[in-house]
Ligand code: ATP
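Take a look at this single chain, the form predicted on its own, given in structure tokens.
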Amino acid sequence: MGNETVLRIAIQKSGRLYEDSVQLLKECGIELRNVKDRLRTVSENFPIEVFFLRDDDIPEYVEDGVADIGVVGQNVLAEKNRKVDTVEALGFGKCRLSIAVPKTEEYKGVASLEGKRIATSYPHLVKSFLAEHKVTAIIHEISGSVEIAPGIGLSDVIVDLVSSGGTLFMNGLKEAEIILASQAVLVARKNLDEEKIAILDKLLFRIRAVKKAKKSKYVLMNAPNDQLENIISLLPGMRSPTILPLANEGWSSVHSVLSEDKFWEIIEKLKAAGAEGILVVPIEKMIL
């Protein structure tokens, strides 16, 4: 790339955010070669250099300027408490940091943690949470396999990341209270220069197009002309739907985009209004 300005991005080298981070860059049209077992790689078609790092280290590397931007979980970002800017929520890596107690115990709120032993990999967040609720407890900081701590007598309860809750169940625990809802976010170091901000803006444009596409569906349907006005009123598309006459007189083809969160509700109404042959197509990119 010669002396061309390059934006340096840090992503997790392994673990739950690695594959989604690499996939996102690929969906943004950024070609990455030989990403397996590499510490860094440079894209050949976009001015970006990728560093593969431990997730716990990413906020520090971004704050210190080793990397310009990074993909990190909000849980790690909050725990490390580094001075970086969150520029975009990415929508993957969703989980929650929760209090978990033995299944046989009744959880009676934060006050019931008074004097208890809490095992966690997130001591900063737990201390802040307890201080906010004026509760004093003993915190054991451990890394990995936090869920076994009560079973081996190390703690009374734990605070750990939860996705499905299956791991808690297998270790005789139940989720009692959520401390923090988390997902992957894109963070940037402060005071990026203008050239790097310009590259970041281009990257964000692509990321937002990919995210928008994932939340939308392209819908085609056949509609009787005497119901067109009613059917169109049900379609909250980007602007107005596309309407094309069909060879079969009295019918039209209607094309629109539906948001995934209201998709089934609207499809049912369209069907009831007389729409037929409804075809749903995934959208790869969506530029607004």
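All residue numbers refer to positions in the sequence shown, first residue = 1. What you are looking at is a predicted structure, and each value in this text was computed from that prediction instead of being measured.
Omitted from view is the form predicted together with the ligand, to which the following refers.
- When the ligand is considered in the predicted complex, residue 150 lies well away from it, no heavy atom lying within 4.5 Å.
- Residue contact with the ligand in the predicted complex: residue 15 places a heavy atom within 4.5 Å of it.
- Not displayed here, the ligand is kept clear of residue 103 by more than 4.5 Å at the level of heavy atoms in the predicted complex.
- In the predicted complex, the ligand lies within 4.5 Å of some heavy atom of residue 54.
- Shown without its partner, this chain lists 76, 119, 203, 113 as candidates; in the predicted complex, only 76 has a non-hydrogen atom within 4.5 angstroms of the ligand.
- Just one of 161, 135, 125, 207 comes within 4.5 Å of the ligand in the predicted complex, counting any heavy atom, and that one is 161.
- Looking at 187-195, 169-177, 92-100, 127-135, the stretch with residues near the ligand in the predicted complex, meaning non-hydrogen atoms within 4.5 angstroms, turns out to be 92-100.
- In this stretch, 266-288, not one residue has a heavy atom within 4.5 Å of the ligand in the predicted complex; the partner itself is omitted from this view.
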